[in-house]
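Below you'll find only one chain, the form predicted alone, shown as structure tokens.
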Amino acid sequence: MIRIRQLKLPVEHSREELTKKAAKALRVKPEDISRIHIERQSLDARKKPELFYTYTVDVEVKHETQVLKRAAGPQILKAPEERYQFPQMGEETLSHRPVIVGMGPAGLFCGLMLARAGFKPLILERGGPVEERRVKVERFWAGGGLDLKSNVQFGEGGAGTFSDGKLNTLVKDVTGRNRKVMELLVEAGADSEILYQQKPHIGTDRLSQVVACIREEILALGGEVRFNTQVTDFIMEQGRITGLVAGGTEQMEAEAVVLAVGHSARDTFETLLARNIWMEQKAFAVGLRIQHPQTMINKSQYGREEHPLLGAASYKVTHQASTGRGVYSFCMCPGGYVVNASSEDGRLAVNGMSNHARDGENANSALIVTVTPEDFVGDSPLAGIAFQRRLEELAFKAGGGRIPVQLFCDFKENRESRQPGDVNPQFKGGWQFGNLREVLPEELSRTLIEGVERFDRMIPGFGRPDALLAGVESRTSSPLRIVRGESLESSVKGCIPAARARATREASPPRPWTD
């Protein structure tokens, strides 16, 4: 196939117009093109309200070699083959099936790939299946009690199940892994458009169905999933893992354990530290959620308040503040809601979510500020968790157990708000007005104010007085790192953290476990 880059068409174009544009670029007749595969689609809004799509497409055409020779240039080249290859099997045969601790995105995809490779993995998840979990989360948002084991943070699919379902990464796709993830999601029921959209998303409502479909394939391939099963200890002998303890009493043997515990399994991190698994502090970011009318964001991004083809607009803003800290938007949710994402009694954290249609009244995003180990108290690997917990305790207090909310004008003046302005609050979970300046450290508050005022020059109205702030956004990423080496194992052999960490090369997996 031939790859053509930088094909530009109005967003209202037809498929026939795309074919004609590709044919013109190749200097062939449209009927000579047998197939067009869209590899990439991005929005060009530099001349708004005139909006364009820019495409990268792969084309099947008659007499490909001659056409490529005649038309080759910077924008026209032979389409590369980018296919993911599962790592070559090792020589060691496992005595027991591999165990995966956690069924968020890392654990879910790890389980799927191992199951497809014949390993028949066992997945242990402290929370419930996604169907049961949705009922508990919605009950909590309606005013019921918090389930400490199955909530927005814990359960099948992880925290992302109750977010926007955005599919973003800054990792370069040199091995085809990113593409493979998209393909697996499409196989499980996600829309095929995520394979080429610039900012793909699935949506909270559809993501739960996708997650359940992946689980069913794991089971069909001989894997096992045990919900409501928390790993409470790790058994080690001579620097190697030999088993796990679940629920405080049940022991199971294992010599290959994948730690896919996510960023909120704080009790698990405490256990790992007690077992001398090497962990270290790391920088992350904390802040508040901000809500604006979606029509205001659309006007800024599209040049009009509504667009029938494009739906709700998104944004990304960043600023290096005078305090020396970075402040930026994170997990932006067009047409979405701010949700209570708590997982511990007496502590409150928020997140954002959108359904597939992104048809809610407001846009929201986290506005977060970088924090480093210098902001923590002490040198324990768990110091960042203590930092998070302190903020979440203050947020719980500020809102009386509900999401604390404040208008931006009042946040600047360090006073509690009395009533909303023209921005209609959109929340999942109870909320009330509270002073968020009493939640964040003063330097972080000043950095956020500077950031919002800077972003107002990028997106008119971003710093409007009645923009709604809510907090605290404390779970942007893990505040610690389980260190791993060249074999991708932690300091304990056979214990493999499924997250970004220090690693220099791929390790060969062992051969599949068999009955």
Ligand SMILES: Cc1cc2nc3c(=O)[nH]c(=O)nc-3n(C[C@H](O)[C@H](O)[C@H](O)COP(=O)(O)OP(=O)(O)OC[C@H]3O[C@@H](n4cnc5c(N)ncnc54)[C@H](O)[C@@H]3O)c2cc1C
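In case it trips you up, residue 1 is the first one in the sequence shown, and so on. What you see is a predicted model; the values in this text were computed from it and never measured.
Unshown form predicted together with the named molecule; subsequent notes refer to it.
Colleague: Quick one: which of 158 to 166, 360 to 368, 298 to 306, 428 to 436 gets within 4.5 Å of the named molecule in the predicted complex, going by heavy atoms?
Modeller: Only one stretch passes the 4.5 Å heavy-atom test: 158 to 166.
Colleague: Does any part of residue 331 reach within 4.5 Å of the named molecule in the predicted complex? Heavy atoms only, please.
Modeller: Heavy-atom contact with the named molecule at 4.5 Å: present for residue 331.
Colleague: Residue 326 versus the named molecule, in the predicted complex: is there a non-hydrogen atom within 4.5 Å?
Modeller: No, no contact at 4.5 Å.
Colleague: Would residue 178 sit within 4.5 Å of the named molecule in the predicted complex, counting heavy atoms only?
Modeller: Although the named molecule is absent here, residue 178 would stay clear of it in the predicted complex, with no heavy atoms inside 4.5 Å.
Colleague: With the cut-off set at 4.5 Å between non-hydrogen atoms, does residue 261 touch the named molecule in the predicted complex?
Modeller: Flag for residue 261 set to yes.
Colleague: Pick from 294, 343, 314, 268: which residue has any heavy atom within 4.5 angstroms of the named molecule in the predicted complex?
Modeller: Exactly one residue meets the criterion: 268.
Colleague: Identify, from the list 396, 140, 387, 154, the residue with a heavy atom within 4.5 Å of the named molecule in the predicted complex.
Modeller: It is 154 that has a heavy atom within 4.5 Å of the partner.
Colleague: For the stretch 361 to 380, I need every residue with any heavy atom inside 4.5 Å of the named molecule in the predicted complex, listed N to C.
Modeller: Contacts from 361 to 380: none.
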